[in-house]
Structure formats: C-alpha cells, structure tokens
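So here's one chain in two forms, each on its own in structure tokens, numbered structure 1 and structure 2.
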Structure 1
Amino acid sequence: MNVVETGMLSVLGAVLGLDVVSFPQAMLSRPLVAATMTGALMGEPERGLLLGATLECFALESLPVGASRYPEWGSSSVVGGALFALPSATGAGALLLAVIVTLGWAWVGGWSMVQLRRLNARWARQRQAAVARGSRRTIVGLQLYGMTADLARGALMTAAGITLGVPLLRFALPRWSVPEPVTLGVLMVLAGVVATSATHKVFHVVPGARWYMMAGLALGALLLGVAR
C-alpha cells in the first residue's frame, strides 16, 4: 500500500473517527458502514461489506454512552477494511486476521479517546475564567480545538494501524494453516454468540422480545436459503 492510498484512507479514518462522538454522530462510524466505504474506496466493496457485517456483530456489544470507555470503531474499521481489501487478503484466514486486527485496534482507539478527553479537560481548565464569564469566543474555540484534535487523532490512528497491520497480515497469512471451513465456522459462531448476547442484553425487558428474536432468526435463515 503506497503513501497516497494510506493518506487517502487516513482522511477517511479521520472523518469516521470524528463521527464516533464529536461530530456529526451520523452512524457513519459503525463498522458496517465504515468497512464497506473503505472496501469500496479500495475497489473491493464486497469484501468491505463482509468484514463490516462481521465486525458489526461484535460492535453491538458496546454502547457509546456518556463518559464510559468503549472501542473506537470508526478509524479501526477503516484499518480492517484496508487490510481485507489487499489483493493477497483472500479466504477465511484473511477475514479472521482482519477482524482480530480491527478488534485490537478499536481498543487502542478507545484508549486514545480517553487521552483526548483529558487534553480537552486541560484546555478547559486553562480557560476556566473565560468560560465562567460566558465568553462565546472561548467556548466556540474549545469546541473547535476538541474537534480538530479528534480529527487528527482519527487520521493518526488510521495511518498507524495500516502501517502496522499490512506487514502483520502479509507475515501471518501465508502461515495460516487452519482449514477455511473451520476458520470461517469459528469466526461466525463467535460473532453470532456476541451479537445474540448483546441483543438480548438490550431488549430482554421488552415484552415478547424472545419471540421477536426467534422470528428474526427464522426469517434470516429463510432469506439465506433463498439466496443460495
């Protein structure tokens, strides 16, 4: 992957990283959207969609609420999408490795967001008197500082993830010897268990939620059978 491609993807990662919390929170940073956009940008939309759908099963477990720490899916999904869109990244092994890298990098991204919050708090303390006076210029400036820093954080996270992930994938993929059906089966089972658990945790208090879930599973299985 050359410098131009890395730079282009870093811009995308910056925008999607910004969408997680700062602006505009339009759900563009969800793995299903972010990885698909990355795959399309790399000329592999189908791979991006496949990776994004798999990652979305894991992302359902985390709810970005308040000041809690959670994975940063925006820029990390760009990293995973870029890795899985490489010409050599074919097969279930490449999908599993891209998922592992994305999950790990999402937690690193979560840590970077905590550091950004601390930086924002430091900037706010330095301007506490002006904020207390209700200075519009100071308040707008703090918001712009925070969003600009978050934009830079997303770009750096994406560039660093691709720089580290590409050689890691190229090293590990030729050495992956687990049969493809086993690899894909294990990955799908893990993703399904996490997604089911997350869905149940959120909706178990809804009357009839169990029946809705069973109906959804039956409909999904029916659609899968028709597609085949």
Structure 2
Amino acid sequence: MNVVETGMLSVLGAVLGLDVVSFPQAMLSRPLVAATMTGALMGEPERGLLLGATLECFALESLPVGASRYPEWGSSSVVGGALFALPSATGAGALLLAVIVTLGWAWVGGWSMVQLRRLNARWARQRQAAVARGSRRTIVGLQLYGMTADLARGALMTAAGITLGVPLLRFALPRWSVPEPVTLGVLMVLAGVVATSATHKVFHVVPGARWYMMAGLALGALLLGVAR
C-alpha cells in the first residue's frame, strides 16, 4: 500500500473516528458501515461487507455508554477493511487476521480516546477563568480544539494501524497452515457466540425477551431449511 492510499484511508479513518463521539455520532463508525465503506473505497465492497458483518457481531457487545471506555470501531474498521481489501488478502486466514487487527486496534483506539478526554480536561482547566467570564471565543474554541484533536487522533490511529498491519498480514498469510473451512468455522463460532451473548446481555432485562429470541431462532432455522 503506497503513501497516497495510506493518506486517503487516514482521512477516512479520521472522519469515522470523529463520528464515534465528537461529531455527529451518526454511527458511520460502526464496523458494518466503516469496513464496508473502506472496502468500497479500495474497490472491494463485498469483501468490506463480509468483514463488516463479522465485526458487527463482535461490536454488538460494546455500546458507547457515557464515560465508560469502549472500543473505537471507526478508525480500526478502516484499518481492517484496508487490510482485507489488499489483492493478496484472500481466504479465511486473511479474514481472521483482519478481524484480529481490527479488534486489537479498536482496543488501542479506546485507550486513545481516554487520553483525548484527559487532554480536553486539561485544556478546559487551563481556560476555566475565561469560561467563567462567559468568553464565547474560549467556549467555541474548546469545542473546536477537541474535535480537531479527535480528527488527528483518528488519522494517526489509521495510519499507524495500516503501517503495522500490512507487514503483519504479508508475513502471516503465506505461512497460514490451518485449512480454510476450520479457520472460517473457528471465526464464525466466536463471532456467533459473542453476538448471541451480547444480544442476551442487552435485552435480557426485558420480560419475555428470551422467548422472542427463541421464536426468532426457530423462524431462522426454518428459513435456513427452506433456503437449503
């Protein structure tokens, strides 16, 4: 991947990283959207979609609730989408490696967001007197500083992720030895387990939700049988 491609993807990662919290929280940063958009940008929308759908199963568990630390899916999904759209990244091994890089980078991205929040706090503390005087310039400035820093954070995360991920993929893929069906099976079982437990975690407090899920499973199994 050349510098221009990395730069272009970093811009996308910056915008999608910004969407996670700062602006506009329209969920463009969800892996289903971010990985698919990246794949489309790289000329491989279907591969992006495949990765995005797999990642979304993992992402169902982490919701962006308030002050908690959660994975940063925006820039990390751009990294994963870029890796899986590489011409050499074919097969289940490439998909699994792209998932690992995305999950790991989402975790690091969550840490980077905590650092950004601390930086925002430091800026706010330094300008406390001006805010208390009702300085429009300071209050608008704090918002703009925060968003600019978040944009830069997303761009750096994406560029660093691609710089580290591409050689990792190039090293690991030719050495991948587990047969394709087993690799895919392991990945899909884990994605399915996380999605199932996440759905239960989110909805179990609602009376009757588990029966709705059981009914859905029965319907899904029926549709699967019809499809076969």
Partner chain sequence: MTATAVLPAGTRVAIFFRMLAIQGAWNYETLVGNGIGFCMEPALRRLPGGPHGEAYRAALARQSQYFNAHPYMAAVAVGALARAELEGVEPARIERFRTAMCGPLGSVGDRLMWASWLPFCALVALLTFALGAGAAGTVLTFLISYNAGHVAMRIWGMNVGWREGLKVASALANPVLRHGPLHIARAGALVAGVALPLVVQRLVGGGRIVQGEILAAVLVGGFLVTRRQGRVEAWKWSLGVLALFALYSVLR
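Quick note, the numbers are simply positions in structure 1, starting from 1. Nothing here was measured: the structure is a model prediction, and the numbers come from that model. Take the two forms, superpose them, and find the largest set of C-alpha atoms that agree within 1.5 Å; that set is the rigid core.
- Each of the two structures shows the same chain on its own, and it is structure 1 that derives from the form predicted on its own.
- Residue displacement note: residue 11 has its CA displaced by under 2 Å between the two structures (rigid core superposed).
- Residue 220 shows a C-alpha shift of 2 Å or greater between the two structures [criterion: core-superposed Cα displacement of 2 Å].
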